[in-house]
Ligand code: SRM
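The form predicted on its own is given below as one chain in structure tokens.
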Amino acid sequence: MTDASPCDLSAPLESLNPNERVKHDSRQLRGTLTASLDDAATGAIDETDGLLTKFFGIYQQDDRDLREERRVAKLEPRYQFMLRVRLPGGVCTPAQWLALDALTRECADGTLRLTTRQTFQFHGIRKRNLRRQVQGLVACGLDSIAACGDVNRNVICTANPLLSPAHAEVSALAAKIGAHLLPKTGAYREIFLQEKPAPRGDGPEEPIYGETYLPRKFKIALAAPPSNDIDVYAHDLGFVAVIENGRVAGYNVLVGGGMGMTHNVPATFPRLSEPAAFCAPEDVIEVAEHTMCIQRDFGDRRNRAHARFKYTIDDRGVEWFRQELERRLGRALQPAREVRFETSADSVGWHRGPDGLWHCTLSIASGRIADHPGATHLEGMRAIAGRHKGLFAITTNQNVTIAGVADSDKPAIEALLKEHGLVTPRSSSVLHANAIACVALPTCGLAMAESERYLPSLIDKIELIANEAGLAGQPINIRMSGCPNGCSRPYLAEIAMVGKAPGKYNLYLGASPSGDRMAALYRETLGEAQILDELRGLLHRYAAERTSGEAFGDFVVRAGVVRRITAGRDFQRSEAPAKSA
């Protein structure tokens, strides 16, 4: 365990990561953003301002497919922006869905992207439309504040608050945590809504975050067992509901999870969170604030590759964290209680709840809702939103649940689903339903390989192999990431492909279907034919040798195909026995 003293926030900025100076000098995230947005001579914004927009859920990107063509034509890159909505618990009303649908057709690329953070992303927004896009969000009761950046991100929870009173309680708590930890700066309203600065009080503008916010992003997730659809172990801070007699008795507190790493750099690794304590429901917000502030005070501000909370916990230990949390709370916490998860997958299709209402979860390929010939998904969801009286619940598996449908409304919604191609053989496939892909090319600047545009067709081919092996209908979660940063949580998949170079992926196997064990590297730098060859042999072997009810991820570990990986520091070591193609 390292020295337990906090990071010196008064240290010379020159000794810290350059991002710390940007935050410090930004006047609580204002920077020169107003001037950047008003500059009509370019489709881009100032590079420093680009770091600040992330705190408002906005990333500057460009179309990488067009880079060379535009370079030859002596044109600047086709700059555009991605905007992510802050949507605690993934819940939106039909009216909000219609507003988002209108915004993407007016200001963005005409599609809605469902993300692994249980929210929407807009892509292809030109700079001249950014303010209009933000103003449209705020007009329907939403915003994009803290959807990115070195702050607490969108708080997620087990999907669909209409499933039970316990689910409703967990969902409401997710929204309260998000509101409590929201940055207080007025920059968003001044710059994007063009409002006059609010009168300043005597205290600091950011009483929790201070001038330099957090060392890195911070993610909170709430799970309602037996479902682990949110992969609670993948987050900086997790709260697992302990449900007794249908009500939430309290929450286990999990700390130190995170997915990002860098290929072949052993000092970086994904990590599962660990149980630290149990707290009462009324203590959750206080525990969340103190936990985030522990990371604010102890996180590494010199090395951003080592700045996530998972490294703070891995370096110092869960026992150190518990003692520091109890010191700040002024009281002791109880030990974590026994909980059990069964699956991290969504249950696709129609399901009737205990109160008689119906819920329909739709499988959305790579989370992209768009209109194509014979599959007018955006138009179909618009028509459903126009008559639906319940809620829409976004899942972190990039699917959407039409929640709270009465018997009388079900036939009309079923008809719209069929009319617009939202119910097809592919959408009913368990492999497609359990698949996740990051956006990757052409817009993500970090992508090394394809992901969203490629995974659905690859799964079609994997499904043919599974069917020939006699595994039709067998659930196996498959995830793809265009780079090792892990936005699609690939290291918690039974089968994962992580981009290494154009058309080449590292193949990982063996995560638990309930999300409490990581995958291990099986083969490096494979193309499609090699991936399919490897999986053909493994799936046929699985079909022949599995025990009753044994999941694929459990089988490959039991059979010695890959090692069992639960500790983050063991993850990169799992690469040693793997062979390149």
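Please read all numbers here as calculations on a predicted model, not as lab measurements. For every residue, the number given is its place in the sequence shown, counted from 1.
Beyond what is shown, the protein has a form predicted together with siroheme (SRM); the following relates to that form.
Across the proposed site, 52, 180 and 183 without exception lack any heavy atom within 4.5 Å of siroheme (SRM) in the predicted bound form.
446 is the sole member of 415, 329, 446, 265 with a non-hydrogen atom within 4.5 Å of siroheme (SRM) in the predicted bound form. Think of it this way: in the predicted bound form, siroheme (SRM) has a heavy atom of just one of 84, 377, 296, 432 within 4.5 Å, and the residue is 84.
None of the heavy atoms of residue 401 is located within 4.5 Å of siroheme (SRM) in the predicted bound form. When siroheme (SRM) is considered in the predicted bound form, residue 111 lies well away from it, no heavy atom lying within 4.5 Å. Looking at residue 61, you'd find a heavy atom of it within 4.5 angstroms of siroheme (SRM) in the predicted bound form. In the predicted bound form, siroheme (SRM) stays beyond 4.5 Å of every heavy atom belonging to residue 133. Residue heavy atoms within 4.5 Å of siroheme (SRM) in the predicted bound form occur in exactly one stretch of 212 to 220, 466 to 474, 348 to 356, 134 to 142, and that stretch is 212 to 220. Residues 119, 121, 123, 147 are the ones in 119 to 147 with at least one heavy atom within 4.5 Å of siroheme (SRM) in the predicted bound form, listed in sequence order.
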